Ligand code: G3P
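Coming up is one lone chain in structure tokens, specifically the form predicted on its own.
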Amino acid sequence: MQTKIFAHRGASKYAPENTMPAFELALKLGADGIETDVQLTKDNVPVLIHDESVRRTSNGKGFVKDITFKQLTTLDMGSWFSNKFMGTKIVSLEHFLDWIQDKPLDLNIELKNNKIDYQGLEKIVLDLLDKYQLLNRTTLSTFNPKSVTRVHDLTKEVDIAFLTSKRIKYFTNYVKELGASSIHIKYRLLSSSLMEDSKQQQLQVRVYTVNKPAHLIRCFNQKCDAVFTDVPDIAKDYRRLFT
């Protein structure tokens, strides 16, 4: 099976990350899937934003957890990237799932609960995935090992990935014990031995964030299950060399 290409926060090299323009462009560029990040608002609405604070990617300030969804919708999430995207709004997870439901795309939702361990985040996300019948083509990923176990305890219908940028002793055994079915690793952790261990443990391996041609080629050579990239169009061009 060929390596899948996930648009990292959408086609985030060309449009503001985690916004509808970035997701729509990822689809247009032929990505196999979309990776996005979810946090909870003050009123427990799951929204798509990478940082715990809105400062970097909007004209506002403060933590997502302290702002209501209605307040968040007044912010401009596009101008920081380019004036072309002025007025772009934050996306709720529900709106995104409604959009992607009939699209030929896989989905990776990163639960951003490693710094703020949002109470009930896993169940809120799973309930929405169930509502839109998307459990079977979704991976839930997190850096939080306790969250991996919580998802595993809630359902066996969704792929669960443990995210890491660090070397961990007996890594694949550790991940299996948590209840994960996949591992998502920073590119520098990729190795032939890890690929072999993961294959033996029946763990899928996906690599982030892979933008450079040489790095893409190495991932395709290693037959990684997927790459996360800001440039899905470029990744597709290089993947053609391996088909």
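Quick caveat, the model's predicted, so the values are computed rather than measured. One rule holds for the numbers: they count along the sequence shown, beginning at 1.
The discussion below concerns the form predicted together with this ligand, not included here.
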item: 4.5 Å heavy atom contact, residue 81 to this ligand in the predicted bound form; value: no
item: Partner proximity in the predicted bound form: residue 112 to this ligand, non-hydrogen atom cutoff 4.5 Å; value: yes
item: Contact label in the predicted bound form: residue 212 to this ligand, heavy atom within 4.5 Å; value: no
item: Exercise: residue 208 in contact with this ligand in the predicted bound form, heavy atom 4.5 Å; value: yes
item: Contacting member of 158, 124, 107, 163, with respect to this ligand in the predicted bound form [4.5 Å, heavy atom]; value: 163
item: In the predicted bound form, the one of 50, 65, 218, 55 near this ligand [non-hydrogen atom within 4.5 angstroms]; value: 50
item: Contact segment among 197-205, 65-73, 173-181, 30-38, judged by heavy atoms lying within 4.5 Å of this ligand in the predicted bound form; value: 30-38
